[in-house]
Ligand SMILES: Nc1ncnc2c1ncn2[C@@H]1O[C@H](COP(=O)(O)OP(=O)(O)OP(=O)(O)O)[C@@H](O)[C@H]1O
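In the block that follows, a single chain appears as structure tokens, in the form predicted on its own.
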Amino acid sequence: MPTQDQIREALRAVIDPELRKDIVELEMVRSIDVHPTGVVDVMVSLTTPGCPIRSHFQTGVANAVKALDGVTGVNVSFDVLSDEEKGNLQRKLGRGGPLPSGALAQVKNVICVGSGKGGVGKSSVTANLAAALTAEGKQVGVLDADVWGYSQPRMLGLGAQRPKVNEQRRIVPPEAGDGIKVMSIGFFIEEDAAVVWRGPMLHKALQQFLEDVDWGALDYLLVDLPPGTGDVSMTLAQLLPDARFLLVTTPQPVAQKVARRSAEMATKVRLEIAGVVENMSGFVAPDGERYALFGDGGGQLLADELGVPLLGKVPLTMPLREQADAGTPLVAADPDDPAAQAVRDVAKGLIALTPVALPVMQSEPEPAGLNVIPPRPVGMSLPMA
């Protein structure tokens, strides 16, 4: 049978997605009881009654403990930190204000779309995938994390819009098309202005986009990553420990090899790879003729090497480029185009791989004498170059 110390060590794999630390370090593990039958009881202390991400902890704790030899079952129960314990946690984290109230609590799936190198059409895949998921009846948001090469406001037809702030002082993301929520640094600077920032400033901006934006209830939050495996990708891996990685590559071997490095980065930071999309999979001329401009088979080769599915092969068509410049995703403008149909297939494959809903946990009534922490007041102050 595992000891309490061994169980506690295993629970370090359970990360609070808002505080970005494990529940052992946060002192959220109230008690551990090991029964002779192999059943383990774990009590976790939450920051608020009826915590909206309670199911995240329930699943994480159960999976971490079940993996230990000798464990036959896991019972997870919850209580609430006292005011004194909350204060101690705030001081430990160096926070002057209240603890987070769950900006991403209602986001069911976070998908980071990466490519390893530029020029493979990662952003156009992201924009069209958002439209395709919306067409499938999903609630979708897009975070343009390519701070230097931001393009989602233009591709989704939002131009120079400026976000508003709601009564809780959270940033309200502009909506494109059929309700796609979008957040980008492009909304906060002059149109087409260059962003000249280094790591700490990027980290602060991305953290605010995740924590201080009122994303609401989403089935999918698509994160458009910059090329490579640098500061932004590492920051998002830290801020989004439960995200999945969607790799975009072209058929040519050089792109496939670079995308392989991004997959390596995702593995090192423990992000699950959802699948591969082969973009620019041949050029389809207006007469329907297909030309393999960038070779063939790179996407399948990468998927086979990683042991993940190839979710789709998106051809390059003239309307795909035209609609990106026009600000309307091709999937919405011309769903019969070969590229649009391929992206719709990617969306259906992604839906099949990801949960359609999180377990619904009934919020318990507030216990007497306990105060629910109000939402953290935030503003729209972003780091300036």
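Keep in mind that what you see is a predicted model, and the values were worked out from it rather than measured. In this text, residue numbers run from 1 along the sequence as written.
The same protein also exists as the form predicted together with the ligand; that form is not shown, yet it is the one meant from here on.
In summary, among the residues Val182, Met155, Val223, Ala274, the only one with a non-hydrogen atom within 4.5 Å of the ligand in the model of the complex is Met155. Site annotation in the model of the complex: the residue of Gln341, Thr328, Thr317, Gln58 reaching within 4.5 Å of the ligand with a heavy atom is Thr317. In plain terms, the part of the chain that comes close to the ligand in the model of the complex, with a heavy atom within 4.5 Å, is 307-315 out of 164-172, 209-217, 68-76, 307-315. At the 4.5 Å threshold, heavy atoms of Gly288 stay clear of the ligand in the model of the complex, well away from it. Contact annotation for Asn279: at least one heavy atom lies within 4.5 Å of the ligand in the model of the complex. Interface membership of Gly137, defined by any non-hydrogen atom within 4.5 Å of the ligand in the model of the complex, is ruled out. When the ligand is considered in the model of the complex, Gly159 lies well away from it, no heavy atom lying within 4.5 Å. Contacts between stretch 120-151 and the ligand, counted in the model of the complex as any heavy atom lying within 4.5 Å, involve Val120, Gly121, Lys122, Ser123, Ser124, Asp146, listed in sequence order.
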